[in-house]
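One chain comes next, on its own, written as structure tokens: the form predicted on its own.
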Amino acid sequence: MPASFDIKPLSGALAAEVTGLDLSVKHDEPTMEAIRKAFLEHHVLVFPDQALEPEQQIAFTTWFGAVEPHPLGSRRGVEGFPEVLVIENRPGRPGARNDEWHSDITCSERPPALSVLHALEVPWNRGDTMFCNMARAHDTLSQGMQTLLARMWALHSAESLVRRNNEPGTDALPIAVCPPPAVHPVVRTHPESGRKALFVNASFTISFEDMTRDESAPLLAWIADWSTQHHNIYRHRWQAGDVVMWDNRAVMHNAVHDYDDTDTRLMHRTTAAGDRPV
């Protein structure tokens, strides 16, 4: 039998809180399958009051896929654990901004399936993260728009990430070379749930295939506006000890930057390997 824990939805659009489960210990397969089922249903899971060492966070993430370092070395890793990215903002070390709607690393041929973020230190009442449900955004489109977008492909480039990381004055690591864009379907099918979701974002999607950037911009902006309507968002207010995992194949997120370099914000992030979007 799986371990006993409670799941409480956190909004009408997506996200649920899981209580009564200690992620620092190894759980049996029925427990982890129950977590996987809840994850596929809610897309974002919040586990409060956790205390994870880097190897424990890796072990939990590994259950969902191979844990990978950032393909472009965007941020430093924990010493001895390069797969655990350090996301940090503190006096004298301002963090690189990430306050734009995106799915993680879609410039890769195989973007990560999911991300796990563990909050170690957070500024009081600031530094929230917003999530939007891209499967719901797709399902609420008109049939005509669904049919149109299902035939389209888009180019995803790391150029904005390279530009951000190569600016001075943040904890981001410089990136020497921007790889060629990856081409992904605008509507992807989730490899586990079979649900369809919109798969474009402001950080990485530069244009539709066989279209110019200027031609692509109006429709990309419309999709972004449609997907990030208030009723399609869950906003997470961080507490130290929170572990939040999100499905990179079905949601976008946006790290609210309402703090400054006098505030301390320290988090560890791991990602599980994903498939080529189809």
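Throughout, we count residues from 1 along the sequence that is shown. This structure is a prediction, so every number in the text was calculated from the model and none was measured.
Although it is not shown, the form predicted together with succinic acid is what the next lines describe.
- Among Leu117, Leu161, Val187, Ala113, the residue placing a heavy atom within 4.5 Å of succinic acid in the predicted bound form is Leu117.
- The contact residue chosen from Ser74, Ser207, Thr129, Ser157 relative to succinic acid in the predicted bound form is Thr129, the criterion being a non-hydrogen atom within 4.5 angstroms.
- With succinic acid omitted here, the record of contacts in the predicted bound form names 249-257 of 31-39, 47-55, 249-257, 218-226, defined by a heavy atom within 4.5 Å.
- Though the partner is left out of this view, His102 does reach within 4.5 Å of succinic acid in the predicted bound form, counting heavy atoms only.
- Heavy atoms of Gln146 never reach within 4.5 Å of succinic acid in the predicted bound form, leaving it off the interface.
- Contact annotation for Ile87: at least one heavy atom lies within 4.5 Å of succinic acid in the predicted bound form.
- For the chain shown alone, Asn98 is a contact residue for succinic acid in the predicted bound form, at least one non-hydrogen atom being within 4.5 angstroms.
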